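One chain follows as structure tokens, the form predicted alone.
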Amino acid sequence: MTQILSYFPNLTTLQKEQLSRLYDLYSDWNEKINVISRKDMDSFYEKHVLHSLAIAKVISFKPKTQILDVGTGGGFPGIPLAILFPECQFTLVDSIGKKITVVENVTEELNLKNVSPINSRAEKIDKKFDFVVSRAVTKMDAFTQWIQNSFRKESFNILKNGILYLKGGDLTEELQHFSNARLYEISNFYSEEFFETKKVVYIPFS
């Protein structure tokens, strides 16, 4: 939590409490379901929570923004972002039922009223959103096929409606067909070595 507070010093008391409870909640679930790799639990806040919140360094979602988290797994990046933006609505989708069970439990334990967990494939969600977020679930070509019909036409945030994707490494080849992609180096936001090659990829979708 010290890392979180150093980069997000203006959290409310409730947000601090919710974020601080995440470790114990996921540790308990990890005993039942391997939702996060055991070794990653040692650096849980850095590799999962802080990484998820890198999207908040790119954009501060305005109230009433609708966000879809595709392939959320145990709830990343959706749950940390939902804590940070309580006036926005987050729909967390994963095709694996046991992972959504974890999301449902964590959401309930933290009393997050702005999170809707759904056990489904992204392409079956017929609701429209302002932004789609995800954490390296597949190549961008395939990902855009899944969510191409997911966007609202009207934008009201500082960025146009689109994809905010957490990914690492050299993305030159993967993004060669996305000339409008914008890359934000997470190392510009955080000093930890883990983030040296990590990026937030923003692609407007119109």
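Computed from a predicted structure; not experimentally measured. When you see a residue number, it is the position in the sequence shown, counting from 1.
Although it is not shown, the form predicted in complex with S-adenosylmethionine (SAM) is what the next lines describe.
When contacts are judged by a 4.5 Å heavy atom cut-off, residue 151 does not count as touching S-adenosylmethionine (SAM) in the predicted bound form.
S-adenosylmethionine (SAM) in the predicted bound form comes within 4.5 Å of a heavy atom belonging to residue 76. When contacts are judged by a 4.5 Å heavy atom cut-off, residue 121 counts as touching S-adenosylmethionine (SAM) in the predicted bound form. Within this chain, residue 102 is remote from the site of S-adenosylmethionine (SAM) in the predicted bound form, having no heavy atom within 4.5 Å. Three-residue candidate spot 71, 95 and 146; every residue lies within 4.5 angstroms of S-adenosylmethionine (SAM) in the predicted bound form by at least one non-hydrogen atom. Proximity to S-adenosylmethionine (SAM) in the predicted bound form, defined as a heavy atom within 4.5 Å, holds among 181, 59, 41, 137 only for 137.
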